[in-house]
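Have a look below at one chain only, the form predicted on its own, in structure tokens format.
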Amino acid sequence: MKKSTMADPFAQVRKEKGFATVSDQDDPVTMMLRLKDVRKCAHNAKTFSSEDIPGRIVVPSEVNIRTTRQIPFEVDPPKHKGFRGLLDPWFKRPLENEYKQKLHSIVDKLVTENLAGNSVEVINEFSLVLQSRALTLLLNTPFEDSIQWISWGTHVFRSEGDALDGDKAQVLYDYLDEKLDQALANPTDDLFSVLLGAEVDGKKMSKEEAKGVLILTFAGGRDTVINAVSNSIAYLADHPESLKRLRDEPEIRGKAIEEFIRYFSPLTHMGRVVKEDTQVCEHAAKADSRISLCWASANRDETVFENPNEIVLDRKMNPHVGFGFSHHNCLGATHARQILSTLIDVLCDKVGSIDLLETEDNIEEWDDFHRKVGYEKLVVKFNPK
């Protein structure tokens, strides 16, 4: 088995029952495993709500490390629509030519630097660096800000050996408070200032609401982007014929990126809180219990995807939910896609092959389900064309 292979731990239970219950800090979660059920529940905000105690819909729950509501992530319709209406134009900026050019420069420089060396540890020395530098574009802040963000490591809520680390999370909260205070005193054209000057449904956005958007931006798009970038590099190292095909057939690169997102599913699942007694998969779900929308399982649903456990670079029908589904589809999806698209372009242009030297898997454990989400350590060598 190749080192980049990511098995599907949910397959048997998905086929037999369609759901599974796992523990989470004395607040158990019923996982939806089939694509049709995941999509149905994601679309039904009235019964399956995102607007509960801040942090409760996240799996593992973050109620013990934050009280700020992440916006628009933890807001239900109709309020959700006003926030998305404000934020979507800003988060669609990666489609603009100037943004693309700046991102290309960032990626090109990073790849070129690493072509000169014998090896690179991808997680901390490449993917984290790329994610942090690219974030300066999304926030419209100075490039030098990325140095501090890189120092935080791959996850702003977690440290080595801890699923959740309140002290580490406080570093982010203090940073955002400071930046928002600076923006109040001296507004610029960065996202901090834009949020504080914005109105939603005729009401000026509060500092707490702006902080909620920024926590989501920093935390939600960090380890997920790092996983997507690292897993893509590992796959191309393991499958040199795929790198060659992407080089020779640029027209399939867009489909390949969607396939990477489906197969890797950088985020395993996301929760909802049940608002009224109901049934899911013919299983009773009590009000105030939690379910999760298991994107990783839904993206391997064999009733929907042909050869679901294989990467098919030019997969034609690919209704994956790697970026979520319905009104809560990922706010940063355009930015993430542009990072992957630019990375693939630069690798095809400059890299002849990638040697896979050392790997250490990053395994999430949900009771009996053990899922590889990426790597704790990934060492490769980029070989120039």
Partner chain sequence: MAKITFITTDDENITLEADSGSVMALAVENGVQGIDGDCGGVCSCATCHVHVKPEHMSKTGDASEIEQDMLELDDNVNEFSRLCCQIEITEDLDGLELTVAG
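These figures come from a predicted structure and were not determined experimentally. Numbering follows the first chain given and starts at 1.
Unshown form predicted together with its partner chain; subsequent notes refer to it.
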Using a 4.5 Å cut on heavy atoms, which of 281, 304, 184, 312 is close to its partner chain in the predicted complex?
-> 304
Of 328, 34, 69, 337, the one that lies within 4.5 Å of its partner chain in the predicted complex (heavy atoms) = 337
Contact check for 102, 104 and 381 against its partner chain in the predicted complex, heavy atom at 4.5 Å = no
Report yes if any heavy atom of residue 352 sits within 4.5 Å of a heavy atom of its partner chain in the predicted complex; otherwise report no.
-> no
Do residue 79 and its partner chain share at least one heavy atom pair within 4.5 Å in the predicted complex?
-> no
State yes or no: in the predicted complex, is some non-hydrogen atom of residue 92 no more than 4.5 angstroms from a non-hydrogen atom of its partner chain?
-> yes
Any non-hydrogen atom of residue 316 within 4.5 angstroms of its partner chain in the predicted complex | yes
Could you tell me which stretch in 316-324, 356-364, 52-60, 341-349 has residues with non-hydrogen atoms within 4.5 Å of its partner chain in the predicted complex?
-> 316-324
Within 227-266, which residues have a heavy atom closer than or equal to 4.5 Å from its partner chain in the predicted complex?
-> 255, 258
